[in-house]
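Quick setup: one chain, the form predicted alone, written in structure tokens, and binding and motion questions come after.
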């Protein structure tokens, strides 16, 4: 990758982060507008199933650590950055030099996009997939080439490879994919990585691998410096609002990516970092969240089966389902029952995504649909 003057680099970072913020704010406005038109928008018992949040977190250990961290929040947490990266390295089997922190993995997706966009060209990604980072990439001149999913709603790995051309700077792959919940096998992912030229960045978004211990490709980062893995504490760890995530990559790649941050590893707050350290030790809470996710998802699956709604087995905290045979407007019906979140990710499609809440919340979803 090419290097650049730091002043120019920071200027470019500001533009990219502004574009990223615009995309994120647009998503928030969409939900706000939905609530504004709902007759019960002032209700306190709204069930929110639109952003794949963990309904059980943060854990008691996490909250305790975060509360204690408030008293030291007047100081810069330089040593704590290293402690968090060391704890993550122990968890993933890497060294802390393989890790960079950010305020959620979404911020870091933007950083990697900026790194790729510096040389101009295009990025190849699936459609539909997680797109929050795309406006920033386009703003920086990285044209997006979208590849349809397979008939089974999986990432079409071979077609992604075939779409790469001489101007491709990055390939983005969300696995398990959002919004479909489908997952590619370890063998297929290995072959995918090996077939892509080393000068093309491979950005793998693994936000949901922890729910089912889906295959992570992080063990390949030292052998393939073009592979960058994005991870987050927002999902199974229950810290979406705390904003802390990380990327795993070759140490030299991490050094280059850190240059695209005004202050490397300083995105998360002291409170967030202490929470992350605590929750990584809280195996009981993580196992509870995984188990409850399966239980709540089974309730939804069974309800869909009774109604006759087709759905995809999900390896995440959300479910993708087809409303083609259902005669009612599901988002409107759920809204009438104080439930928000079911939404479309494909134009002119009957497929919707809904997040998985608690078992009680999913029972209410099923009751509203029957």
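Residue numbers count along the first chain shown, from 1. None of the values given here were measured: they were computed from a predicted structure.
Form predicted together with a small molecule: not shown, discussed below.
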Have a look at 293, 180, 126, 105 for me and say which one sits with a heavy atom within 4.5 Å of the small molecule in the model of the complex.
-> 105
One residue of 203, 207, 247, 289 in contact with the small molecule, assessed in the model of the complex (non-hydrogen atom, 4.5 angstroms) = 207
Within 4.5 Å of the small molecule in the model of the complex, all of 115, 169 and 229 (non-hydrogen atom) | no
Heavy atoms within 4.5 Å of the small molecule in the model of the complex: which stretch among 254-262, 67-75, 234-242, 141-149?
-> 234-242
Is there a heavy atom of residue 109 no more than 4.5 Å from a heavy atom of the small molecule in the model of the complex?
-> yes
Is residue 51 close to the small molecule in the model of the complex, meaning a heavy atom pair under 4.5 Å apart or at it?
-> yes
Check whether residue 174 has any heavy atom within 4.5 Å of a heavy atom of the small molecule in the model of the complex, and answer yes or no.
-> yes
Check whether residue 285 has any heavy atom within 4.5 Å of a heavy atom of the small molecule in the model of the complex, and answer yes or no.
-> no
